[in-house]
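Heads up, the chain below is alone and in the form predicted on its own; it's given as structure tokens.
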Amino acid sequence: MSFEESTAAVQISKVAKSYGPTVALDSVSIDLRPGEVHALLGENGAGKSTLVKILSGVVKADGGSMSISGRHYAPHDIIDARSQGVATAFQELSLLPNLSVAENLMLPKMPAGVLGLASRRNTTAAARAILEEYDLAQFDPDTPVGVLSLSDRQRLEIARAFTHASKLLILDEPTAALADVEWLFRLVRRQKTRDTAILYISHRLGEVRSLCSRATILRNGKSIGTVALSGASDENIFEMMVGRSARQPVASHPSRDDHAAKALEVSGLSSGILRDVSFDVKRGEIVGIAALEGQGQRDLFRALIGLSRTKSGKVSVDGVQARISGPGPALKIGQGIAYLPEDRKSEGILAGLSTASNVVLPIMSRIARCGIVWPTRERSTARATAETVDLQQRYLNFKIDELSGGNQQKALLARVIMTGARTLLLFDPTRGVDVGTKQSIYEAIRTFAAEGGSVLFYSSELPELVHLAQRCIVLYGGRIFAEYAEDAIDEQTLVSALIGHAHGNKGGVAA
């Protein structure tokens, strides 16, 4: 037995998993040491999600072995995994929206009262103690999870995983929707002192380097190698992930046409915390929205697509004032508005249907024959649009919930484009996807705009706004605080504006 095997808290040896002819994992091996934060890196589709599901008890491996503290480990389900000290904060959140914060934290076994039945009072008290322990005392245990923001649901998912993880904690893209990453980093560092092994999955190499000592890289279902992060450059890691050197940066965006027609015009809009917001998006233009969590960006997008009520203001589409009552009616206004939602699991994909069905959903009635849509027709119709977002055709036959998060996001973007709408509202379109998938999404957005489409997008990543947006609007406190165009958009300027300082606007307009 090697030194690493003898000191490993978790040993994964030659684990394999296939779905029919598709090999998801092929002889993957990793060791995790007690108290180590170990990164798992790879492109979307590399096998990371499958390995997480095997470790979590969601699916069973076809081959290989796993052990924890020297004992054989092969969980039957999530509950069995938790009983052995393994818990996961999933990227696609597993909370039940119709239950309360307390009930989600306590499931599957509620604290009992004097008669041995589940006690609401004891459940609330136990949940409140957990919330206080994980610096979430501001959460009301009785609040239904469905009304929480995605960021708050992410924090709740993470806290629940921490409560069950004595041996192995798996954090799958934990900061993808998180407003306060320092909150998570504090918890991770504290958990390390308890000798819990932590498997950390993220596409953000900056945070990986700040937390992790080693990283294992997967490519095409194989473990390519494990490296000490102190001795590996970002370029080295990228080459291991994709098998080639890093792509060149995306070319600078084309100049705006200030005389182009206005595709979307917003005047004095108020909704939720949003107050008196006015701006426009021209034909062929990509406009970015920058904001820290809770500054009104969610209210803006939901109001524009008709999912939230507006208190005042006007919205015009292609020069015609419109009252938008929902995503369906929005497609019929002017040349149409389509929306890519924030949470692909609960608001986007139709799990259980094929990827092709998900892509062609907006035009299903058009491709039906005698009320029936044949799978072959779905696939042939979806194929061209799938190519525009670099979605491999073989994935069209898969059920969409079998795809990686990045490929699901490509499919949803293809569906939005399939609507035929000429104005797209994209909310954090690259959340939780790898660098290669990001480039594919950027190229699809740029192509759409170059062909005369208009795009309004929000991003939680400043480099994305700098490289993709032709104009960038900063929201602060529910209002437009500043606006920047083209070369005036840079990270330092945006950071300053995001916290309410516009002295470095470099030609931008402070509101």
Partner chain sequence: MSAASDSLAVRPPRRRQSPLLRAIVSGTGIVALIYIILYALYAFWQPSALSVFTFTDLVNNSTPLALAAAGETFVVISRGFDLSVAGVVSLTNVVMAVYPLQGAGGALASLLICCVIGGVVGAVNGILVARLGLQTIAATLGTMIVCQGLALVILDAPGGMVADFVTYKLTDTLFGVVPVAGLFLLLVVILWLAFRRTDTGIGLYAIGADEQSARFSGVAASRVRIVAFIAAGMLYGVAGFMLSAQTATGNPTAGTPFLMLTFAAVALGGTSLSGGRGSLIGSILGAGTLMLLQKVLFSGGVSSFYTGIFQGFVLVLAIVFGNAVGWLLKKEERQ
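Numbering follows the first chain given and starts at 1. Here the structure is a predicted model, which means the values were calculated and not measured.
Omitted here: the form predicted in complex with the partner chain. The next part is about that form.
This chain is displayed without the partner chain, yet in the predicted bound form the stretch 85-93 from 273-281, 436-444, 85-93, 304-312 comes within 4.5 Å of it by heavy atoms. Contact check for residue 108: a non-hydrogen atom falls within 4.5 Å of the partner chain in the predicted bound form. Put simply, residue 223 is far from the partner chain in the predicted bound form: not one heavy atom of it is within 4.5 Å. Contact check for residue 144: a heavy atom falls within 4.5 Å of the partner chain in the predicted bound form. Although the partner is absent here, residue 378 lies well away from the partner chain in the predicted bound form, with no heavy atom inside 4.5 Å. Shown without its partner, this chain lists 134, 73, 238, 139 as candidates; in the predicted bound form, only 139 has a non-hydrogen atom within 4.5 angstroms of the partner chain.
A heavy atom within 4.5 Å of the partner chain in the predicted bound form is found for one listed residue only; from 480, 485, 462, 449, this is 462.
For the three residues 344, 388 and 418, a heavy atom within 4.5 Å of the partner chain turns up in the predicted bound form in no case.
Taking a 4.5 Å heavy atom cutoff to the partner chain in the predicted bound form, none of the residues in 413-446 make contact.
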